[in-house]
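Before any questions on binding or motion, here is one chain by itself as structure tokens, the form predicted on its own.
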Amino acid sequence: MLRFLQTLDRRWIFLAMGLAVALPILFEARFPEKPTAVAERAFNTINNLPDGSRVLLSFDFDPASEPELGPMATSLVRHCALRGYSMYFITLWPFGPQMIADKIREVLKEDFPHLVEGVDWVNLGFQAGNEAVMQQAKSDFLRTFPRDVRGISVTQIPMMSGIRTTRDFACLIAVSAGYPGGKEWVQYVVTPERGSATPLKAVVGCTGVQTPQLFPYYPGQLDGLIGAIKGAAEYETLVNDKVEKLNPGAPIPPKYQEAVRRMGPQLVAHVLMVSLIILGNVIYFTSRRRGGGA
């Protein structure tokens, strides 16, 4: 048996990994999610904002990271809409406008048609300049984003009344795939406000690669952190639980279960990968004890 495992053709392992990913997708395997304290804090930070709060949503990602960040962006927009917040969409990434448009269409226009553009939500689009945009928005938001994506001046948009700087928002929600993104928002906009009487609250959703870079800012400078598709699945579960309490028995559309669905193949693949690592170590040490080569 030991000899068989030592000489096993690696293509069988590739096949096993392919099946570990494919089968949960084909059979739509879903596993229950128990939200962690980090996800619950992100949810509570947004959920506990005062009624009618102004929320700045920066979608700093592109199609390459949409599979990982798209579901959490969907849940965040849905959560803000359920709470009745005023939503201000911006992006610092060139492909970000399409990500914003997709979530507005999927969530706001399909499920919250009573919300009016310019009154309940506004899409201010893309602005180039990375940290310079953040710095300018901190001191003069209207000059940084002078028009919405329709070309209408912000001075003519009702919900822009009273907005002067980023301090006029109750919370910043950044969905971030890299630079510029969540880390820069924390460093240039959120941290300088931490000592004020009403500090700008901040929740960041990010990719798995970015999560270790942002954890040092939590919870001192970040009020919530949603890490990768796992964090998205936990946050999605919390939002769905909230909807279930509001409308018991109401069906949950598949688009609001996408993060949990995507966790299925990831979980099975990770279990297989860890099992193979353990098996490989057992084979190695058994071979050494018997005096054979590794």
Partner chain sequence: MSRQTIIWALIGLLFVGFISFRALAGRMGRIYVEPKVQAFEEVPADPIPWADQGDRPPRATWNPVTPPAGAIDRRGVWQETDQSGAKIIGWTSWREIKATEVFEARAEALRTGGREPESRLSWPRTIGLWLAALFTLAAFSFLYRDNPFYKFTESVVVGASAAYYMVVGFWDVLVPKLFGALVPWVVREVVQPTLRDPSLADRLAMAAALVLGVMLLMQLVPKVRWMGVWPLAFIIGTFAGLKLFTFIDSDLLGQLRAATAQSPLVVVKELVPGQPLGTGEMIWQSFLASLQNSLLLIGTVCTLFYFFFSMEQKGAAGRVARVGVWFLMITFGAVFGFTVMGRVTLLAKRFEFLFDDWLWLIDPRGVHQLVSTILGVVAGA
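Residue numbers count along the first chain shown, from 1. For clarity, every value in this text was computed on a predicted model and none was experimentally measured. Rigid core: the largest C-alpha set superposing within 1.5 Å between the two forms.
Keep in mind that the form predicted in complex with the partner chain is missing from the display, and what follows is about it.
None of 79-87, 166-174, 202-210, 115-123 except one has non-hydrogen atoms within 4.5 angstroms of the partner chain in the predicted bound form; the exception is 202-210. Among residues of the shown chain, V186 is one whose heavy atoms approach the partner chain to within 4.5 Å in the predicted bound form. Contact check for G162: no non-hydrogen atom falls within 4.5 Å of the partner chain in the predicted bound form. Put simply, K230 is close to the partner chain in the predicted bound form: some heavy atom of it is within 4.5 Å.
Among residues of the shown chain, A29 is not one whose heavy atoms approach the partner chain to within 4.5 Å in the predicted bound form. Of the listed positions (K242, R41, R54, R261), a single one reaches within 4.5 angstroms of the partner chain by any non-hydrogen atom in the predicted bound form, namely R261. Residues are counted as partner-facing when one of their heavy atoms sits within 4.5 Å of the partner chain in the predicted bound form; in 109-138 these are F126, Q127, A128, E131, Q135, in sequence order. Residue displacement note: V274 has its CA displaced by under 2 Å between this form and the one not shown (rigid core superposed). Relative to the superposed rigid core, L15 undergoes a CA displacement of at least 2 Å between this form and the one not shown.
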